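Provided below as structure tokens are two forms of one protein chain, presented individually as structure 1 and structure 2.
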Structure 1
């Protein structure tokens, strides 16, 4: 039992979990409105869209990949789906085509990174421009409203009082966490992120796995796009702007690194939860809008500092001063 506690405490996700709990407790005392079903649901609903993207981004970043285009892909698939719906296409068909577009974009990103060997940052950053641009082009800069009510129902119905987006997000997180932590197939991405050359020689289909990770990221961004469109009842041209940075930050807070080889869906979810909590707290506490940006940054920094201090203590002397390797691959 004691050992079990020690093991949990050693988990990468533990510190961030503690931080989330502390914020929650503090908020419970600071605002009577915080711990109400309404607020919790509002909080979860608010982060559900990004939480969907976070699942796939975790997998991608564990593999050592990186996707700056998710926000634009979300906007583009949202606009595309809305366009199809307005053309009178059946809902299921429009949604499926929307998802297929997302997956295809992921495939294109993956192709350039894995097969052509482009830098993931530049590749997906050009994607960020390209798909935002395509969104502008197909919408003519107009937000697209007037979607069928049945479609809007997807994002707006409740089951046992909980809105569908929340349910979808939590489900995907649960499945993602189980698969990434335990399935043989997805374990492979850790090896790829840990040492790509060694993974290749270990018989892992590195290129294929990398492409798949990009495809999944595109697909999940599209899913988030569809859920968002149905929730807002409209496709917004600016939707998802800056989302990539929030999602990537959440994944890193949750224990992943830009070098790959580490991270977990649970950790990333805690990361996005923490960021949602901060926003929620600020609005509940009535922080001036001029201070909010500052507070978001300061809290984020505090969280990672606490996290790091916790880790250092945890590892104890394991960290040899002045000889902490930066990453797996940098040892000559």
Structure 2
């Protein structure tokens, strides 16, 4: 039992969970409005859209890649879906086309990264501008409202007081955690992220797995766009702005490495929950909203520094000196 407890305590997820509990306890005393049903549901609803994207981003970053275009893909696919709905297209068809657009964008990104050999940052950063520009073109810079009531029900229906975006996000997190942790197929991304050359030599189809990871990221970004559009009842041209930064930050906080080979969906969810708690606490305590972007950036920098220090320590390149008590014979 002691060994099991020690092993659990060493896990990154456990550390983040402890921090989440500490923040929750502190905020419970700091604000009487924090630990209320309304605030908790509002908190979960606010992070549900990003939580959907986090599932696929975790898989992608474990494989050694990342996607800077998810926010723009979300906006573009939501605008495309809303446009089809306003044209009178059946809801199921419009949603499927929106999801297919997201998956196709992911396939394009995966092709350039895996087959052409382009840098993931450059490839997806280009996509960030391209798809945001396409969103402005097809919307004319205006939000698209007047969507069918049946479509809005996807994101506005409640089950026992809980809105469907929260339920969808939690289900995807649960499924993603099980598959990434236990599925033999998806666990291949750990080998790819850990040592791509060794993965190729062991028979893993690296390029196919990389492309699949990007396809899933585009698909989940589109799914998040559909859910957000349904919840708001309109497609916003500013939807997803800055999402890529928050999602990547959450995944790194959750234990993923920028070099790949590490991470879990549960850890990423705890990371995004921790960020949501911090921002929610700032709102309740009356901290200016302008500080929120600063906090996200500072959190990302801190997470990256911790990740890099951990990597150097594991490689034996960082040695932390241990202080020893002075002896009576020591000089000075």
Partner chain sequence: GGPAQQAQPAQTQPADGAESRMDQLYIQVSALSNLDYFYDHQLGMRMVGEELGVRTEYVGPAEYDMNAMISAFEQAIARRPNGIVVVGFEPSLDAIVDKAIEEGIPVVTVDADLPTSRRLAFVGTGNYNAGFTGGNAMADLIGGSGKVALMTRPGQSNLEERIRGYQDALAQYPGIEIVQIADTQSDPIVAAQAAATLLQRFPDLAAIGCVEAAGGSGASTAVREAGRAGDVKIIAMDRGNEVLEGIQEGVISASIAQQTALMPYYATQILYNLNNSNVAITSDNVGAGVLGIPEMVDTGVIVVDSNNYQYFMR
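In this text, rigid core is short for the largest set of C-alphas that superpose within 1.5 Å between two forms. Predicted model, so just to flag it, every value in this text is computed and none were measured. Numbering follows the first chain given and starts at 1.
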Handout entry: Of the two forms shown alone, the one predicted alone
Key = 2
Problem - Core-superposed comparison between the two structures, residue 46 Cα displacement 2 Å or beyond - result: no
Problem - Core-superposed comparison between the two structures, residue 296 Cα displacement 2 Å or beyond - result: yes
